[in-house]
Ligand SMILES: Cc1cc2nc3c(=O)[nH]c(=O)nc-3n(C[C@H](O)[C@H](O)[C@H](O)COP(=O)(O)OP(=O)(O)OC[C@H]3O[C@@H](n4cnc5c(N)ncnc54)[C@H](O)[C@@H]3O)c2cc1C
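Shown below, as structure tokens, is a lone chain in the form predicted on its own; questions about how it binds or moves come after it.
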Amino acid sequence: MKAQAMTPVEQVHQALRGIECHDDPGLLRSKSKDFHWYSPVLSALLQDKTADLLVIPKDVEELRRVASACARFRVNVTLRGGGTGNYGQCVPMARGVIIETLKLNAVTVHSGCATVQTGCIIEKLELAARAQGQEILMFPSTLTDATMGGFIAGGFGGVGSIRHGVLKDPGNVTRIQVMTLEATPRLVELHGADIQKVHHAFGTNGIITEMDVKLVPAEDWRHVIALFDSYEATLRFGEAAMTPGLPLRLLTSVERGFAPYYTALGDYFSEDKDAVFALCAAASLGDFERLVAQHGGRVVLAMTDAEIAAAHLLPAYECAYNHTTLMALKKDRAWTYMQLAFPQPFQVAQAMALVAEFGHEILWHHEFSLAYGSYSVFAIPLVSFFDAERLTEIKDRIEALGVGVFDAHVITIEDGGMKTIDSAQIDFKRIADPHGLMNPGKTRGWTPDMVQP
């Protein structure tokens, strides 16, 4: 009887002897998911998507073997870091191989910068930098779980953006090294503006292996909660606090409707007050408190990292960004979220008009940030989910009122925040992924006719 020919995935598996591989169905289902379940729309779309093989290389040379095998046998590749993305970036749309990067986690700290491998958990980088009197510029609220490669591939900004801008701002990331997905993989170095060829590309056009990121002298930060009698007061305070003279690492307003989901904070965030969460330099805490008082609020908590941990309280950054969504969904899965960008200069009246129009259908939360050299305000509100049609109606209405929406309920880069095909990223994909194997289905800019045989 003639032996059955091996499938391409089986050929890859055989070629990777000596490298950690897993084909257990339960593990594959787990590793084929990220936090896309924040969106009921994406949950329905991606629920049945799984990979055929999980590969965990321990170093760059093993990664090179994996890339080569997948290219030679034309097997699709999806990259996975900590799995904290919200848009299904590490969900394999067309099966194939998941490459988990967590063992590629080396960090080297220099004066003013760090060289870090793609799978390094961001908290590890922050601790390494602080051990030498420095700190990273920004991080997502998932500091303890997210990887640097995942942050670069899918992130925009985060905690620290109020001071240092967003990832795309010049000088924040100075070098990215990329491995190509070819039979003989190459390492390509991108510097300066060229890093935008792979930044926020959802892992569609090259395997990020390491990067150089800027560091700054470490500050002595305090986790701060200030309470106000109205949400409008929190926004007016945030507007006034966006100034270079007040050193902040985080500035977030959260309306009182979130309080039931933050029960761990107790009376520090009660249901009869709206809140501001911040990270403020210790030396400027007095200035912060005076500004709070001028806007009718009061500071109810100001603690160090150690004090927050000892009191078993949430750090300020876990009360901000998309952690607000996570905290709510842990208790009530009827919510989803949206991502908004307000026009510059920020108008409190415009924000409050949205608060008034949508009532209890939306719970509001705003992030104050620098982006592209100017102070900006973003929002990641909770939205009561009825159905996809109503979600689209809300999005269309918000856009009609002049506020930008980064759609969190779609799978492609272009349909989310980018709104247009980035030709530079597609041109780089022709070089780094000529067979179109990486994260297929995540970019509309790549079409079947572009695939090289």
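Position 1 is the first residue in the sequence shown; the rest follow in order. Computed from a prediction, not measured in an experiment: that's the story for all the values here.
Separately, the form predicted together with the named molecule exists; it is not shown, and the next lines address it.
Residues 81, 84 and 208 all lining the named molecule in the model of the complex, heavy atom within 4.5 Å: All of them do, each having a heavy atom within 4.5 Å of the partner.
The chain here is shown without the named molecule. Which stretch in 72-80, 328-336, 223-231, 368-376 comes within 4.5 angstroms of it in the model of the complex, by heavy atom distance? Stretch with heavy atoms near the partner: 72-80.
By the heavy atom within 4.5 Å rule, which residue out of 261, 364, 321, 288 makes contact with the named molecule in the model of the complex? It is 321 that has a heavy atom within 4.5 Å of the partner.
Please pick, from 358, 156, 268, 342, the one residue with any non-hydrogen atom lying within 4.5 angstroms of the named molecule in the model of the complex. When the named molecule is considered in the model of the complex, the option within 4.5 Å is 156.
Residue 38 near the named molecule in the model of the complex, any heavy atom under 4.5 Å? Yes - in the model of the complex, heavy atoms of residue 38 and the named molecule come within 4.5 Å of each other.
Looking in the model of the complex, any heavy atom of residue 160 within 4.5 Å of the named molecule? Output for residue 160 is no: heavy atoms all beyond 4.5 Å of the named molecule.
Could you tell me if residue 142 has a non-hydrogen atom within 4.5 Å of the named molecule in the model of the complex? Heavy-atom contact with the named molecule at 4.5 Å: present for residue 142.
Answer for residue 277 alone: is it within 4.5 Å of the named molecule in the model of the complex, judged on heavy atom distances? It does not: once the named molecule is placed as it appears in the model of the complex, residue 277 has no heavy atom within 4.5 Å of it.
Enumerate the residues of 95-128 that have a non-hydrogen atom within 4.5 Å of the named molecule in the model of the complex, in sequence order, or give none. Contacting residues: 101, 118, 122.
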